[in-house]
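Before any questions on binding or motion, here is one chain by itself as structure tokens, the form predicted alone.
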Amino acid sequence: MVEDILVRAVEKALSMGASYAEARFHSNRGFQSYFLNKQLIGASHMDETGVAIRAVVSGGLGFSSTSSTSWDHVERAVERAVASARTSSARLKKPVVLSEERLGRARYQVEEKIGLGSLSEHDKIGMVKEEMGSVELDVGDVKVQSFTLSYNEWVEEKAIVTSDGARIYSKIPRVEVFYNLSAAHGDRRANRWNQVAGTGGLEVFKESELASTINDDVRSLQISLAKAGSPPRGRLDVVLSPEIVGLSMHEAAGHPSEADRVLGREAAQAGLSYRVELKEGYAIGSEQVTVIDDPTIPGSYGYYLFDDEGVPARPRVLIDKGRLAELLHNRETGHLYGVGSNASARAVDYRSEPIVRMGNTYLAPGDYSFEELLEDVREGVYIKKYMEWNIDDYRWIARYVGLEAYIIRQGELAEPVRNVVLEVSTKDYFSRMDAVGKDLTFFAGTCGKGEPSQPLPVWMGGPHVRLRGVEVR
């Protein structure tokens, strides 16, 4: 029924003079619960359902949406999108042209091993509370002063119809837990937040080993606050954990590779990209560095098989053996660059227009074990978990602050150190990566981009790596 309305909407836009039209039914329905210090403080439902319309008229692109799926409301949304496109066409220096693609005609969904509907909301709250019962918030004389946790589940359902042939239906359930720990020891304070998430049913929660993960973060706070000493400073060898590597792939490789950012369209909200100056083929790192963005990984938080323009998804190689490779493209930027789309168009809901986004970004694994990465480091630092980070507008200078870290001495882990700061340029970071582990691990994240903001689910990943002679502060 809804897909019939989408087809009708596309036909209506074409009859009004659009050269391209796209209609997307987009629904996010779910349940959230919120806890403070293990006590329930609230719960709510999410039900965001509507239809989004895009149209191209005389080279102008227009967008409109409606929260109703009735034809009267959808028809008015079509009229607004066409009118907007016609108005914008008179002001553009270059007309909007979408790349020609082999578009999908498919229906797919992620199966739930344990259905989200198999438990009542009351029982889901009990499930979370039972898991939190195994969490130890105080370790020795380090006290967790605040522990907040949210449990979120939702099903994202989409139907996409385009005037040039795409017909896509998808249904993707997701489960996510986000928590934050604030701890103190004397006059010292530290904070740790974390996120566990994936696609699927309640098995995502049940298989997450959440209590063990939280307890390990509490232990990390205890080590940092009560046991760790001052870090060494200067140029040292550094071994980084998959957690920090994954974050850096997202920030220092993924975001700079978004074609709309390279074109300057994100400048006001989120900055630019070093790839404005550095072109494909530029040697930005060692041959150990291959960075991939792949939305097709089963179970991943950023999973999809077709993007929101109907283009089939595939792995995108952003850095290939140390050299800059693909950018992330939608159909508009793919045409501008003459390379076509690589299925990077995503929208968070029906109110939002698809923009260039990552899926699951990671450093490809190498051959080293963790012990081999350590064994020929005479003096260095191992950073296991981060507490904070920041990166400049061009994604060229980054700063990562360790929460849990250790001295490496003669190839062995020694005493813990606190507040280790790794400040490094992107080129230095990738160029000084001389060894890459084989223990590829993924971490969930919510990527922010756009105005209005579109927070989207992603995974970030990598193995342990070794950097030679980087600045530690």
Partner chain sequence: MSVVDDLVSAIESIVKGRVDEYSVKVVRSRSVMVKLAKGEISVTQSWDDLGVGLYIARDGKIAVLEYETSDPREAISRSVELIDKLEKSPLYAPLPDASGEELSFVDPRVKEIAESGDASGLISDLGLEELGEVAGMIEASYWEKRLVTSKGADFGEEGTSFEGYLRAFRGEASGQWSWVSTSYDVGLASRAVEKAVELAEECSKLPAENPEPGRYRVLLSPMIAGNLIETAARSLSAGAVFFGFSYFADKKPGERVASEVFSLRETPRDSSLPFFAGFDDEGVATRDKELISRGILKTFLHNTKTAKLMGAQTTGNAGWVLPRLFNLHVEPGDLSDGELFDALGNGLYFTNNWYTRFQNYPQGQFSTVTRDAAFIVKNGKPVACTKRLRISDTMPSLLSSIEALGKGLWQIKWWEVDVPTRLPHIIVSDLGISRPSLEGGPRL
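No experiment lies behind these values; they were computed from the predicted model shown. Positions refer to the first chain, counted from 1.
There is another form of this protein, the form predicted together with the partner chain, and it is not shown here; the text below is about that form.
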{"item": "Answer option from 394, 169, 337, 370, heavy atom within 4.5 Å of the partner chain in the predicted complex", "value": "394"}
{"item": "Stretch in contact in the predicted complex with the partner chain, which is absent here, among 134-142, 319-327, 201-209, 83-91 (heavy atoms within 4.5 Å)", "value": "83-91"}
{"item": "Interface membership of residue 450, the partner chain in the predicted complex, 4.5 Å heavy atom rule", "value": "yes"}
{"item": "The partner chain contact at residue 115 in the predicted complex, heavy atom, 4.5 Å", "value": "no"}
{"item": "Contact label in the predicted complex: residue 265 to the partner chain, heavy atom within 4.5 Å", "value": "yes"}
{"item": "Residue contact check: residue 439 to the partner chain in the predicted complex, 4.5 Å heavy atom", "value": "no"}
{"item": "Those residues of 65-92 which, in the predicted complex, come within 4.5 Å of the partner chain by heavy atom", "value": "65, 66, 67, 68, 69, 70, 73, 76, 80, 84, 87, 88, 91, 92"}
